[in-house]
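The data below hold one chain only, encoded as structure tokens and taken in the form predicted on its own.
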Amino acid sequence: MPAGILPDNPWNPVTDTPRFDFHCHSLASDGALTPADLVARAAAAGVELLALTDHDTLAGQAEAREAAQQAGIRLLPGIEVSVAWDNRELHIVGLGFDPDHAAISALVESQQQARTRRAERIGAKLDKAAGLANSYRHTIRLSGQTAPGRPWFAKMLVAAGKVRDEQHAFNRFLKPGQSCFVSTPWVTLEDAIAAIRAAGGVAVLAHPTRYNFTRRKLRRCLEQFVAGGGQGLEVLTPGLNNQQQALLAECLRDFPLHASGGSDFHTPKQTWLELGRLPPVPAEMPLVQALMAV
């Protein structure tokens, strides 16, 4: 079955909403394509409204904006911010903000500093655990970033012949509980939302079903998210089962939130996460587009 086409979908697909994708990644963070190539791929897939949401950075936005103009599609400023909530890492997608606003600039700077410190510590741990030298520097050269994330360290380990593949790198060294995992003091949920809202954007809780929350904990998270100024919830994502769809539909009914969605595309190798291939949008569903000038 093609990705994003869900059996027995409880939501009635009857709108003519422009085809959108508000969650995807480029080489500016942990994606496989340049921002320009990602935009071109989205346009070829029929996406009309796109947000590039790299992790804690706006580095790819200028290139993506130029590519979108050439491809004839609309690009929203976007970012995916890692936040701390209840001793967990959650992700908040910011959409439609002013990328030059001081609040966003300060948020990105803070997050990049935290990522750099984490990367330095991961590199030092890998030097010992994997018998390498200058792991951090090698990963910088490989990624072209000063604050590479764990996927880039996984690629470096593959290139160094220390693991079979990237998943093996995570299982052996990089995932929580392994010797080279380093937790990060992320910005708080409330501070991330405040920065996005101050810059005129919409804050969206990303992929809520991936946190393995109970129904009760998800609702508690959403209560605090809304109290902090959160406005959106990702409910239109590939691969949701009927139970997950029903839970998210309930959350949209019970909380003052607008629906968002995206493929979370990283690489063409993930054929089940193609750009723009989202579940159909019901006519009655309030969308985050209504909160932005798009």
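For clarity, every value in this text was computed on a predicted model and none was experimentally measured. From 1 onward, residues are counted along the sequence shown.
There is another form of this protein, the form predicted together with a small molecule, and it is not shown here; the text below is about that form.
In the predicted bound form, Lys125 stays away from the small molecule, with no heavy atom inside 4.5 Å.
Contact check for Glu234: every heavy atom lies farther than 4.5 Å from the small molecule in the predicted bound form. In the predicted bound form, none of the heavy atoms of Trp85 sits within 4.5 Å of a heavy atom of the small molecule. Contact annotation: Gly149 falls within 4.5 Å of the small molecule in the predicted bound form, judged by heavy atom distances.
Gln167 is the sole member of Ser110, Gln167, Thr116, Thr188 with a non-hydrogen atom lying within 4.5 angstroms of the small molecule in the predicted bound form. With the partner left out here, the small molecule still marks one of 69-77, 150-158, 135-143, 197-205 in the predicted bound form; by a 4.5 Å heavy atom cut-off that stretch is 150-158.
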